[in-house]
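We give C-alpha cells for two forms of one protein chain below, kept apart as structure 1 and structure 2.
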Structure 1
C-alpha cells in the first residue's frame, strides 16, 4: 500500500532480530557516514563474502522514520533482478537501528573518476557505456513507477576501477512511487542535480530523474557542474532559468551528439525531456558520436548521425552538497580538491521550504 507521499512500507524481506554480530564481522574503516546512517564493510561468517552494512537510525530529529527505511527496502526488493541496482542481501533490526546488508561494489563512486587527473578520468567511450547502464537501471525503475530523486555521482558506484567495471545505483532513501491517481510534491534532492519542478513545488515525475541524468552526464564529460553558482540562491536561479553553458570551450574534445544528448534532458518543461527509453535510443549511445564538438548552430540532425568516436578529458567537478539528510551508501565518499568555474557552497541545513525558495529566487 502506497501512502500519500509515494512511499511503500510493506516489505517481503525477513527482518532479522538476532544480533548482527552473530553472522557478520565488521572489517576495516567506515565506508560512509551521514547524519542518520553509517556504512561499514562486513564479512559474512558463513560464506566469507564481503558486503556493505548500512546502519540507519529509526528516529531522526525526534520523529519515527522507520517507514522511510522500509520504503528503501521495498524499492531494493523491486529492483532485485536489475543488474545495475545494488543488491539487498539481508535486513536486521535493533531497538534503535535497521541494518541493510548490501552488495559491496569495490570500485567506489564514479565521483572519484569525475575528479581524477586526465590520465585516470573517464573517456567519452567510458561515459557512453556507463550512461547506457545508468539509463537501463533507471528505465527499469521508471517502468515500475519508481523515481530515485537523488541521482548524482556519489550515488553511482562501480564494481571495479581497473579495469573499469559496471554501474551499481545506490541510496534509495529519497525514492518515491508515483502513479496516475496521485500527485507527489516534495522538496528533496541535492542542489546541483535537483530539477526545476522540485524548486517550484510542482509534481514529481520520472522526468525529474531525467534532468538529474542530464546534469550527471554533463559533469562526467566536462568535469564541471552546469548550474553551480556562488551561493545556493544563484544555483537555484540557474536551474529555474535553465542557464547552461554548451560552449565549445567547455565541451572541448567532446562529440556533438553528446551535447545533443544532454540538451534532450536539460529542458525546463518535464514534458519536453527525453524518457529513459528514448535516451537509450539516442544515437550518442549507439555508436554514432563524432570526433569533435560542433557549435550548437551546426549540430547535426539525429537523422544524420556522424560516425566516429572521441575521448573527453574531464577536469575536476564541483562538490555536491546534500539536502534533507545525507544517506550514505556502500562505499566511501569522494575525496580531494574540487574545482568549479562558479565556486561552491556548503549545505549544512535542511533543504529550504517552498516559501524560502520563493524568497530566495525573488531576491
Structure 2
C-alpha cells in the first residue's frame, strides 16, 4: 500500500526486537554518516561475516519518521536481487532507533575519488564502467516505478578501492514510488544534485534521477560540480538557468562522447532527458569512447557550417555528416545556445520567492 507521498510502509522483513548486540559486534571506526544516520561496521557473531549497520532515530526534529525508514526498507526489499543495490540482511528496532544491517561496501563513497588529485581520481574508463553499473541499478528501480531522489557521490559506494570494485547504491531514505495515477511533488534532495523540476515544485519522475546522474557523471569526470555556487541560493539559480560549462578547460582529456552523454541528461525539461535504458545504450558506454578527445564545445558549431551562407540565415537546417556522427544522441532543445561557464553570467535575476522554503526544506 502506497501513501499519498509515494511511500510504501509495509515490509516483509522481520523486525527484530532482541538487542542488536546479542548478534553483532561493532568493529573498527564508523563507516560514514549522513544527515540522519550513523553507519558502523559490524561482525555477525554466528557467521563471522562483516556488515554495515545503519543506525537511525525514529524521531527527527520532533517528527515520527518510522514510516520513512519502513519505506527505505521496502525499497531495499524490492531491489534485493539487483547486484548494484546494497543488500539488506536484517532489521532491528529499539524504543528509539531502527538499525538496518546492510551488505558492507568496503570501498566507501565514490565521493573520495571525485575530489581526489590525479593519482587517486577515476580514469574515464573507470567512470564508463561505474556509470554503466549505476544506470543498470537505476534502470531496475525505474522499471519498478521507484525513484531514488538522492543520487550523489556520498550515496554511491564501492565494494573495494584497490583494485577498483563495483558500485553499490545506498540510502533509499528519500525514495518514492511513482505511478500513473499519482503525482508526487516534494522538495527533496541535495542542492548540488537536485533537478530543476524539484525547485519549480513540478512533478517528480524517473527523469529527476537522470538529472542527478548527469551531475554525478560531470563530477566524476572533471572533479568539478557543474552548478555549485557560493551558497544554496546561487546553486539553485544555476540549476534553474541550466547553464553548464562544457568547455575544453573543464573537460581536458575527456572524450567528446562523454560530454554528449552528460548533455543528454542535463536538460532542463524532464521530457527531454535520456532515460536510464537510453543512457545504457549511449555509445559512450558501449566501447566508442576512444573516438576523440575533443570536447563538443570546441567543435564547429552546428549553426556555422563550412559552406558559406549569408549572415541573414544563421540557423542552418542540416548539420554536416561528421557532426551528425558526433551527435550520436540528440541534445536537449536549445542546448546549442547555452553559454559555457557558470561564471559567465551574473546572479542579479530575482530568485523565485519559494527559495526561502527551499532553503529550509532541502537537506
Ligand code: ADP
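We call the rigid core whatever largest set of C-alpha positions still superposes within 1.5 Å between the two forms. Positions refer to the first chain, counted from 1. Note that the coordinates shown come from a computational prediction; the quantities given were computed from them, not determined experimentally.
Notebook entry, point to check: So which is the form predicted in complex with adenosine-5'-diphosphate here, 1 or 2?
Noted result: Of the two forms shown, it is structure 2 that corresponds to the form predicted in complex with adenosine-5'-diphosphate, while structure 1 does not.
request  = Indicate whether residue 45 shows a C-alpha shift of 2 Å or more between structure 1 and structure 2, with the rigid core used for the fit.
outcome  = Where the cores coincide, residue 45 shows only a C-alpha shift between structure 1 and structure 2 that is less than 2 Å.
Item to complete: Could you tell me how many Å the Cα atom of residue 33 shifts between structure 1 and structure 2 when the rigid core is held superposed?
Response: C-alpha shift for residue 33: 2.9 Å.
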